[in-house]
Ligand SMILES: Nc1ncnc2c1ncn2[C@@H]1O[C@H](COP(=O)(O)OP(=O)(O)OP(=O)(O)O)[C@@H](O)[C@H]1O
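The chain below stands alone and is given as structure tokens, in the form predicted alone.
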């Protein structure tokens, strides 16, 4: 599923345009699992991407060009993702109609479900299935995606400014689900769900967190939050009056205290370094509690809107900022669900040429790999 799909010959390169980094994944089809032939990560200029929106296409294009100088990153066709508050995903029920008829009607139907003027939106959809109501009315479930036109145009400008061809634009959260839970040809594969249960995927990046709920093999709900790794870092920096880079290093070193431990209690004998670690952990605990409340609100909202799922039994955690020490334990306790660290390499093989760069960025690789997977399945 893509907001824009122009088609290409060879599988397109998965291009993840993030707040702090830009990533590329090259996948090759094989008789077994797709093979990751090349992977690379580069820096994104500060301020070029804000809250998931490209605000400086020229700077982003420059970062992409630099990325394409890394070994093995040489395809010209790319698939990239969009993820910000201007992208809306809705699961809607409509009277049954054939796909060709829906293709013509969706522009009129969509306005009832999206908070974007239809003339300013780019619309895409996927038919999930059909069913009969108790009153014998033939209905269909449709996954509706809408993106504000300026968001898509900025993405196109950045990619084309780098001298590349845009094969398609996907929704980043769909790509993350694809790389963590797997995918089929038309809908996402089921994760051994039981009736009345759904699973969630939470990808914590540096600038954004993507939350998706998957039920009966389909991502039926997505939400984007600005509570993410950089906000954790900023909380540490604000408390200790540190630069962002120093706060980032301390955040990684300190991590969260173990639940129930007394490690963060002040003692008369602690030195200045121990005091900094304790204060950093206190700041992180406060910020993570806000984050847990944000995720809980999103999951609770989904459960109130669906007639099927009654509980979220498992949360797949991924993203570069998900590696904060003990974060999974905090999420398990706060969300009352099993939390598992998800591996974006689970459904692919990795060539020796890509092993080192992808291992160095394993938790951050899910969007780029998921985007590339969309072109080879």
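The shown structure was predicted, so the numbers you read here are calculated from the model rather than taken from an experiment. Positions refer to the first chain, counted from 1.
Absent from the display: the form predicted in complex with this ligand. The rest refers to it.
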### Message
Please determine whether residue 240 contacts this ligand in the predicted complex, using a 4.5 Å cut-off between heavy atoms.
### Response
no
### Query
Looking at the partner-bound form in the predicted complex, is residue 219 within 4.5 Å of this ligand by any heavy atom?
no
### Query
According to a 4.5 angstroms non-hydrogen atom cut-off, is residue 251 in contact with this ligand in the predicted complex?
yes
### Task
Using the partner position in the predicted complex, report whether residue 81 sits within 4.5 Å of this ligand, counting heavy atoms only.
no
### Message
To verify the annotation, which of these, 109, 151, 168, 206, has a non-hydrogen atom within 4.5 Å of this ligand in the predicted complex?
### Response
206
### Task
With this ligand left out here, work out from 59 to 67, 332 to 340, 348 to 356, 318 to 326 which stretch has heavy atoms within 4.5 Å of it in the predicted complex.
318 to 326
### Task
Can you tell me which bits of 220 to 246 touch this ligand in the predicted complex, meaning any heavy atom within 4.5 Å?
229, 230, 233
